[in-house]
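The chain below stands alone and is given as structure tokens, in the form predicted on its own.
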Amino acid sequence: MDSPGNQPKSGYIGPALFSVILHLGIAGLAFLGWSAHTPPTPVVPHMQAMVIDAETLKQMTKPQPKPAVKKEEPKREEEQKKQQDQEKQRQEELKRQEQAKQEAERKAAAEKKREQEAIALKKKQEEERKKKEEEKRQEDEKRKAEEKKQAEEKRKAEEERKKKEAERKKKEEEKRLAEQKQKELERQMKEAREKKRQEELKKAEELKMAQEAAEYERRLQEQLEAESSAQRQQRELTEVEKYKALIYSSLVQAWLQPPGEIKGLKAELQLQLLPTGELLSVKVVKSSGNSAFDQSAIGAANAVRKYSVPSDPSLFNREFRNVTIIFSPK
């Protein structure tokens, strides 16, 4: 039994041997036919190799039965039939070889097509890979450009923010200085107003003091004048006579004359006065004899709200706390 490594080699030996035998047989038949008939058709010897499997080789290498020895004529017919069979078999073998060749060419073409398709696929995949790499490169460049753009925008935004912040601080400082200046100005104005008000108050106080001094001087002058006048009146009338005359005058002015004849009537009244000149009580200490007249005198005394009395307390207590008036109006 052949080993697996020797199987392909023995597979080629059988067909080669069969081909040699087949061509030798054909050559022999041709030689016999040429010698028995008219010039035979020259057969161009050739050798053609073909690939057959082990079963075909076994059939082909199977020993052929040896033809029985016949008589000359039957032998020729048998030989011709044999040649025809062999020719048929050869034609079939050629046809099969042709089909095998076509199958091999179809497989080769299919293999070539597959290889071309594989190459095309590989090329396409390579192109796609390059395309993806190019797209990725473009995406990376685009992303980097976008990142650079964003970084630039961020930088500009940061610069703008810092600029605005500086402007805001500058404005705040200017505002603070302006407010400080305004406060200082207001403080100075307030101090000026306060100083002016104090000066005005001082002037008003000085004016008031001057007015009061003038008023005091005027009152003092009036008092001096009054005292001078009283001293002058005192020279004419005594104080007692003066105030009694004033009290009597007040009674006369307040008196309401009763009906009837009153001529010659006199009523002696006693008035009890307060230091303020107000009447505390009144009574008739000596009647006029006419009750109506007496009552009119009492009514007149009550009608006076305030009597003139001396301001000297000792004189008042002595002469006017209880003063007697003879009422006899004319």
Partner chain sequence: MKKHIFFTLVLLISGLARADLVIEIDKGSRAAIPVAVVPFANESGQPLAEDIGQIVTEDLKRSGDIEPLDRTKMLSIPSKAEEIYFRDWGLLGQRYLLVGGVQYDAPSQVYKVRYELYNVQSQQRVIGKIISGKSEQLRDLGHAIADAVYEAVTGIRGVFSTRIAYVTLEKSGSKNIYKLEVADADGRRSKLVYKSAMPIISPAWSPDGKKLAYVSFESQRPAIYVQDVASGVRTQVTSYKGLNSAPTWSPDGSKLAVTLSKDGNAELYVLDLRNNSLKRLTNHWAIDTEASWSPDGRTIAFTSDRGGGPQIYLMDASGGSPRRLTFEGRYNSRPRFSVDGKKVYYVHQRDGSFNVASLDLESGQDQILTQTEMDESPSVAPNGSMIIYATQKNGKGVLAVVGVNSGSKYTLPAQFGDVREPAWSPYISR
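Just so you know, these numbers come straight off a predicted model, no measurement behind them. Residue numbers count along the first chain shown, from 1.
Absent from the display: the form predicted together with its partner chain. The rest refers to it.
Contact annotation for Lys306: none of its heavy atoms lies within 4.5 Å of its partner chain in the predicted bound form.
Within this chain, Pro275 is remote from the site of its partner chain in the predicted bound form, having no heavy atom within 4.5 Å. Under a 4.5 angstroms non-hydrogen atom cutoff, its partner chain in the predicted bound form lacks Thr238 among its neighbouring residues. Within 4.5 Å of any heavy atom of its partner chain in the predicted bound form lies no heavy atom of Ser281. For its partner chain in the predicted bound form, the listed stretch (132 to 140, 244 to 252, 92 to 100, 158 to 166) containing residues with heavy atoms inside 4.5 Å is 244 to 252. Counting a residue when any of its non-hydrogen atoms is within 4.5 Å of its partner chain in the predicted bound form, the hits in 278 to 302 run Asn290, Ala292, Gln295, Ser296, Ile298, Gly299, Ala300, Asn302.
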